[in-house]
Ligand code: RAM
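Taking the form predicted on its own, here's one chain by itself in structure tokens.
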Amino acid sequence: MRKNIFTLIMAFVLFVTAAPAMAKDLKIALIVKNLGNGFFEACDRGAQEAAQEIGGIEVIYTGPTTPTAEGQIEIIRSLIAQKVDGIIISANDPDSLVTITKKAMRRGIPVMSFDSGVAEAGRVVHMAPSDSQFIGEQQVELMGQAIGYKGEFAVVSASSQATNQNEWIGYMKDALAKNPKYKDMKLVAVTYGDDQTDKSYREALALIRKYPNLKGIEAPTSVGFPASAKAVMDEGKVGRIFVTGLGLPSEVAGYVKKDVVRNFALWNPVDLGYSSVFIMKGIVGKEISGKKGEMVKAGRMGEISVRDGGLMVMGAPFVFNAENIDDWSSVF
């Protein structure tokens, strides 16, 4: 009897040992610049879509209430303690986050940035929505189209530390200086609304009142864009000052129909969140390590390759105007 019991116990042990380990769900954190931002809520929809499509992934959507690096640092500390499997972040500051993201990676938690990058030393890859030079040049062209390639315009950006915004503005200035097409356009000021609606609105009002010959406002931020358009309307400058930039069709459609906005651009934020989850899965699964030439199959987005410096690029921004705004405003 004792021998039979011993035999059964050993058989059970051998069965358990030989059985494949059950794969646990991956917990991936999606840290955005700030909560309550429609752009990032759309990114989260895409991230959740990718998680469901892949299976076995839980996406934790989080971010500070105001867009600060300090708020993101505290969140990352908490996520390290929770032992998440990966962190995807849109950085409020490229350099201030490096120390804490390095700590996460030393603890076995890979970090990638998307939308707004963390410095290369603090992440595995950066997923850019589009090529920065293309975005900057496209923004100048859209501004030119809106104001007839002649006159003064100003920029209402996000924060002065935002990696992506600063790169785009840099390329905007290059295009203005080098392309004779824009010789009659003048950038008179760059201001910062810190991705807060009220502050962006106040900055736009100040520009309108300070520069009586202002013909346009360019806002490469989904928060600053509609805030600037509202300021133009409230100041009674419709038809005299035009606004363009990067924004959500659902938030800008009304201003397009009132001729405050003639054109604007944006990549699909749903696709950006979707692609980022596929990339993080590839990093966690050791499919890629951030080396040039590596590639991830990102579901319906196809293959996305790694460039120099761990850069990955999704695609070109789409241009919206009066002809197509109704088709897109119900999408995002």
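Throughout, we count residues from 1 along the sequence that is shown. In this text the structure is predicted, and so the values were computed from the model without any measurement.
Quick note: we don't show the form predicted in complex with the ligand, though the next part is all about it.
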query	finding
Interface stretch in the predicted bound form with the ligand - options 196-204, 140-148, 159-167, 80-88, non-hydrogen atom within 4.5 Å	159-167
Contact label in the predicted bound form: residue 226 to the ligand, heavy atom within 4.5 Å	no
The ligand contact at residue 37 in the predicted bound form, heavy atom, 4.5 Å	yes
4.5 Å heavy atom contact, residue 266 to the ligand in the predicted bound form	yes
Any non-hydrogen atom of residue 130 within 4.5 angstroms of the ligand in the predicted bound form	no
Contact check for 109, 126 and 310 against the ligand in the predicted bound form, heavy atom at 4.5 Å	no
Partner-contacting position among 241, 246, 118, 261 - heavy atom within 4.5 Å of the ligand in the predicted bound form	246
The unique member of 72, 113, 101, 221 whose heavy atoms fall within 4.5 Å of the ligand in the predicted bound form	221
